[in-house]
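Below you'll find only one chain, the form predicted on its own, shown as C-alpha cells.
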C-alpha cells in the first residue's frame, strides 16, 4: 500500500515508562520483519517495525528516543495517525528448531515472528534482552505463546545476567538450531553477525528512510548500495558481513555519516 491512509488509534499499551504500543483495528497485509511509514500529520514521518498483524488489525511499538517518537506519546486513544505500508523484505520463515534473540525495541517485531512460527508448529526459543527488569518488553506476551523464553538483563535484575548477544552465543553452544533471527541495537547486531556459525541467520537492521520504496537512495548502505527499505530491512548474516558501514556509522537526513557515538534518533 503506497498510498497514505489515516487511522484512528484504538488502543495504547504502556509497555515501560519509555515504550508504548499503538494498536489499530484496520488490518494490513503485513509479514514479520516488515515496517510502515508513520506520520503524526504535523512534523513528518518515520519508519517503524510492525509488532503484530492479523485479521483484527496491527500494532507498532515505539520507544521515545528523539523529537518525533517522543511527540507520539502525546497522542491518545481516538486520535489519528497516518501510515503508508507495509514495506520491506520480511523474515524468511524456516522450519525446524528456531532461535530468536531480541534486545530492547528489537523484541516487538520478533514477537510477531515468533507468533507466526508458533502457528506453523515450529519449535522456538526466544531470548529477550534488556538493560534491566523495568525495560523488559513483551515478557508476558511471549510466555503466552507457550515457547521457551530466556530473559537476559545487563544488571541481572531479571533472568540471567548479561545481554542478548551473550545469551544467544551461550544457547548456540548448548544446542543446535536450524535458523537464528535477531533484532535490536546495532552494536548488539554487529557482535552477533560476527559470530562464526554455520547456522542460517537473519538480522533486522535500521537506517534513515524517506521514501520507503527505493527511489531516493537515502537508506542505501556502503559499499553495496543496497537499499534497506527494499532489499531489507531483513538481511542474512553473509550479506551483513559485506556491509562495511554496519556497526560503524549511519547517515542522517542530509546523508552525512553519523558514527554510533553520535548516531541520530527518531
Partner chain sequence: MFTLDSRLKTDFLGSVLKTPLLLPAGVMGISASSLLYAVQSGAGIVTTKSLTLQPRKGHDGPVISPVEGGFINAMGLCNPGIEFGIKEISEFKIKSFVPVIASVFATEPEGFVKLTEFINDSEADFIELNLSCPNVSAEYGVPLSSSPVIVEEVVRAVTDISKIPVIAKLSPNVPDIKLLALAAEKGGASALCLINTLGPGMEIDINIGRPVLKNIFGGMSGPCVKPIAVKLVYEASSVVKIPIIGLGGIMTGADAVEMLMAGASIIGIGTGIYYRGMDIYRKVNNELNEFLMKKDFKHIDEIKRINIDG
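What you see is a predicted model; the values in this text were computed from it and never measured. Positions refer to the first chain, counted from 1.
Only in words, not in the display: the form predicted in complex with the partner chain, which the text now covers.
Stretch 219 to 227 is the contacting one of 58 to 66, 219 to 227, 194 to 202, 233 to 241, since its residues have non-hydrogen atoms within 4.5 Å of the partner chain in the model of the complex. Site residues 29, 115 and 118 are none of them in contact with the partner chain in the model of the complex, judged by any heavy atom within 4.5 Å. At a distance threshold of 4.5 angstroms between non-hydrogen atoms, residue 81 is in contact with the partner chain in the model of the complex. Within this chain, residue 257 lines the site of the partner chain in the model of the complex, having a heavy atom no more than 4.5 Å away. By the criterion of a heavy atom within 4.5 Å, residue 70 is excluded from the residues contacting the partner chain in the model of the complex. In the model of the complex, residue 253 approaches the partner chain with a heavy atom inside 4.5 Å. For the partner-free chain shown, 39, 40, 41, 42, 43, 44, 45 of 31 to 53 come within 4.5 angstroms of the partner chain in the model of the complex, judged by any non-hydrogen atom.
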